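Okay, so here's just one chain, in structure tokens, the form predicted on its own.
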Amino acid sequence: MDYMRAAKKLIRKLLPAPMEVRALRARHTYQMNRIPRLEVNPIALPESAAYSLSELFGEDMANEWNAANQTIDEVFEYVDRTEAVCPGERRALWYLIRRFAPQRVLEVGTHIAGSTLYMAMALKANGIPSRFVTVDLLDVNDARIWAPNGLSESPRDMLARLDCAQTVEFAVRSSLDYLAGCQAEFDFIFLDGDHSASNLYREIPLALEALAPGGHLLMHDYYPSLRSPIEDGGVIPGPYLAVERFRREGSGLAALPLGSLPWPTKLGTNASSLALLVRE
């Protein structure tokens, strides 16, 4: 993992940003196009018109958010890095869970459990029986994983301190294996694991099969037209390229970027790379 991060930083230093994006796009596209066409059924998704982003992130819950955030800050002692979901987007996740009030939530890509903690606290605030499964290829509760990432305790222990441990199930599997064998339906799915176009092209159809009718499917690191909203910011091409292939194939699937949020996110901006999948 450290080797890959070092390699990516070296590439960014050596290549101008437009050249880096073109190189990444070519590599992701080549790998994705080796996969035969897959059928995808977006019928469970709402249409884009069903969402009012201004209402989703209205300030009527600001006081409740501030209290929840202060509680989590006492547990989640983490120095933010660029590879984690940023604080502003963790706030967006909390708002979405509070607004949608799902009973069954699936997160793909636990990583340091930053987003996990915020979604679990939102579920707790909803006050309804819930099930939350978070899937990662690594055992994130193993000290060999969480300690080098700057955490002072495991995700499971942090959730226990927040009185949320009884709600959250950790699954140590690849997302494709988990989704392929999944018998449950989820009302909210957050895809934030392997961001390669080839993985997401296979992952999205499986996620849609596991999505309950009227459920919500959220992606991270979606950059429309592969342009960063942050000056000199990096771009991860996989999510956009996978969705665009489905669109070209006439699937009726599209993405609704959350765009600029009403609060700061990263590097002095309000920019977000979160996007809801919708029916066109």
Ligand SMILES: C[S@@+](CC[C@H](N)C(=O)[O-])C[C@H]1O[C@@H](n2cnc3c(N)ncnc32)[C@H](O)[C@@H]1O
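Bear in mind that the values here come from a model prediction, so they are computed numbers and not experimental data. Each residue number is its position in the shown sequence, starting from 1.
As for the form predicted together with the ligand, it is not shown, yet the points below apply to it.
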Would residue 187 count as touching the ligand in the model of the complex under a 4.5 Å heavy atom rule? no
Residue 198: heavy atom within 4.5 Å of the ligand in the model of the complex? no
If we define contact as a non-hydrogen atom of the residue within 4.5 angstroms of the partner, is residue 131 a contact of the ligand in the model of the complex? no
Interface membership of residue 159, the ligand in the model of the complex, 4.5 Å heavy atom rule: no
Selected contact from 96, 135, 179, 72, since only one has a non-hydrogen atom within 4.5 angstroms of the ligand in the model of the complex: 135
Only one of 101, 84, 165, 125 comes within 4.5 Å of the ligand in the model of the complex by heavy atoms, so just point that one out. 84
Taking heavy atoms and a 4.5 Å limit, what residues of 158 to 184 are near the ligand in the model of the complex? 173, 174, 175
